[in-house]
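Just one chain is shown here, as structure tokens, and it is the form predicted on its own.
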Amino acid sequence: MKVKKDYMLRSVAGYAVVVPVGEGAMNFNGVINLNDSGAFLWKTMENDVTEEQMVAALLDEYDVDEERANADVAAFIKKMREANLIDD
């Protein structure tokens, strides 16, 4: 899965935000604020990755156990799918 090309992660006043560009701006009104781990996961999804690869990246980057990493990645993906921000 991969983030759609019409959405970009930007830093605004020290905050990580996802903003729509191009056609995405016509379909989505607003921005999405991400915490540090959300921004990290978003960056991993700028390339085509699997859920398992995202979990492995989270485990490498943060001091978190595998059960928590799996749950966090699953929740993140669910929210991104609900907002129609990723391509599978």
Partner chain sequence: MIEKANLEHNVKLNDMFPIIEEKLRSGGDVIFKPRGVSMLPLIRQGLDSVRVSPLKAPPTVGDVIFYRRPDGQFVLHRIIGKNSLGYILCGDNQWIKEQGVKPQWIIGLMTAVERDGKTVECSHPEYLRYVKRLPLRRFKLKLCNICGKIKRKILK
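Numbering follows the first chain given and starts at 1. This one's a predicted model, so the numbers in the text were calculated from it and none came from an experiment.
The form predicted in complex with the partner chain is left out here; the points below concern that form.
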E67: touches the partner chain in the predicted bound form, heavy atom cutoff 4.5 angstroms: no
Whether I32 contacts the partner chain in the predicted bound form should be assessed with a 4.5 Å heavy atom distance threshold; does it? yes
With heavy atoms only and a cut-off of 4.5 Å, decide whether V55 touches the partner chain in the predicted bound form. no
Could you tell me if N27 has a non-hydrogen atom within 4.5 Å of the partner chain in the predicted bound form? yes
Go through 41-56 residue by residue and record those having a heavy atom within 4.5 Å of the partner chain in the predicted bound form; state none if no residue qualifies. L41
